[in-house]
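Only one chain is given next, in structure tokens, and it is the form predicted alone.
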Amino acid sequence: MKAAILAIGSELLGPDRLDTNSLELTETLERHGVELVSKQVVGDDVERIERVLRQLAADADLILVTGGLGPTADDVTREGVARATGRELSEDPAIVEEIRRKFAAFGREMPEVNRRQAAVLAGAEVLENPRGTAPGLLLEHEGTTFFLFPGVPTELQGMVAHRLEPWLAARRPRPPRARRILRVACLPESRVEELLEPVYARFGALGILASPGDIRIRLEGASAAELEAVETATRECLGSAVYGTGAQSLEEVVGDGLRRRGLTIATAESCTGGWIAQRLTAVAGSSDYFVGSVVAYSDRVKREHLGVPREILERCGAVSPEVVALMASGVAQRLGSDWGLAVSGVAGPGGGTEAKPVGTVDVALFRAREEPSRARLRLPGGRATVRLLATQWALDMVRHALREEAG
């Protein structure tokens, strides 16, 4: 079985709307062993929708369409599919009454424009939508199956779970390949590629998805045993750079490590402006190990709230290994945590010097009864990227320290 995904909506062609529905559908198809041959986005134009659907039907047995099932004039998916398949559209009175009932449940009267959502293609099966007013449609046409889903992600997810998943399970063309994601922190993509050459030679190419400071490696195997062998080989090549699996974030891994060790942590942040604290507290249950944070953006706050002496600030500068080490120990002592994590840097675009160019970041981790461990980084990119990478490196420093604690 070969499948194609078509996301419809002019807003998806702009810079401010991400097509997350296609990602959801792709994951579903992969899980059921269906080959995805095409993924496209088209605007709200009947002729373009018709043309693209005809092209996709020539290559795909299954076409998943999302979006354009709403009540407004630009919701023309049904019309586009009708033209592509030569099917008539007609209003289903039962759907009209169901939509009317849903509005009444909220004490509202159904606008007449919502009748557009009751248009059904001849020969199509209506897919119930308990999470919204736009029903989906299932149509078999000349050897190709069309699923029409609404564009609202929560509505699509409900239909995928209750209608698409069972449909695929009943027609599964081949056993799905076993899959797993490994997460790697603070290595460039080119270095990961280089380290994985022995794995490529033995098992073939792996899927690598890189983002700043964080790389996802998709492993596959024809069986659980083969997947285990691929993972073992990958971990041997990458060593401690692998920090987690699946959807695990670095902050979750760090939090789990702190909790298991019975440790608490506080942060002192300058260039990252509280971003590390935000990442740590985004994890449910972080109150078990996170004490608090001081956003010490000015030298005055570094002096008065973290105890950094004026003379050291003047001699070494706010961005220096000496100052960031004092920030780390100062925040731990003042907030009463076991560990203190501190960051200070030149995020840009201005403020850099020859000695400390933009992207210079100092990180320090204080652990009780020990001298703070320190790292000076030269981070690439603009201001946002430098700040994000600084948080990633800082959290990864904590992760490595926890590995040392565990022996």
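Here, rigid core means the biggest group of C-alpha atoms that superpose within 1.5 Å across both forms. Residue positions are given as counts along the sequence shown, with the first one as 1. What you see is a predicted model, and the numbers here were worked out from it, not measured in a lab.
There is another form of the same protein, the form predicted in complex with another copy of the chain; it is not shown, and what comes next is about it.
**Q** Exactly one residue in Ser223, Ser298, Thr232, Ser240 has a non-hydrogen atom within 4.5 Å of another copy of the chain in the predicted bound form; which is it?
**A** Partner contact (heavy atom, 4.5 Å) among the options: Ser298.
**Q** Report the residue, out of Ser286, Thr144, Thr85, Ser320, that has at least one non-hydrogen atom within 4.5 angstroms of another copy of the chain in the predicted bound form.
**A** None of the other options qualify; the answer is Ser286.
**Q** Is Glu189 close to another copy of the chain in the predicted bound form, meaning a heavy atom pair under 4.5 Å apart or at it?
**A** It does: once another copy of the chain is placed as it appears in the predicted bound form, Glu189 has a heavy atom within 4.5 Å of it.
**Q** In the predicted bound form, is there a heavy atom of another copy of the chain that lies within 4.5 Å of any heavy atom of Gln392, even though the partner is absent here?
**A** Gln392 lies outside the contact set for another copy of the chain.
**Q** For Gly292, is any heavy atom within 4.5 Å of another copy of the chain in the predicted bound form, or not?
**A** Flag for Gly292 set to yes.
**Q** Whether Glu30 contacts another copy of the chain in the predicted bound form should be assessed with a 4.5 Å heavy atom distance threshold; does it?
**A** Close contact exists here: in the predicted bound form, Glu30 approaches another copy of the chain to within 4.5 Å, heavy atoms only.
**Q** Looking at heavy atoms inside 4.5 Å, which stretch does another copy of the chain contact in the predicted bound form, given the options 271 to 279, 119 to 127, 135 to 143, 158 to 166?
**A** Contact criterion met by 271 to 279 only.
**Q** Using a 4.5 Å cut-off on heavy atoms, which residues of 1 to 20 contact another copy of the chain in the predicted bound form?
**A** Lys2, Leu12, Leu13, Gly14, Pro15, Asp16, Arg17, Leu18, Asp19, Thr20, in sequence order.
**Q** For Asp19, is the CA shift between the shown form and the other one at least 2 Å following rigid-core superposition?
**A** Comparing forms between the shown form and the other one, the Asp19 CA shifts at least 2 Å.
**Q** Once the two forms are fit on the core, has Leu53 moved its CA by at least 2 Å between the shown form and the other one?
**A** Yes, shifts by 2 Å or more.
**Q** Rigid core aligned, does the Cα position of Ala7 differ by 2 Å or more between the shown form and the other one?
**A** Yes, the C-alpha moves 2 Å or more.
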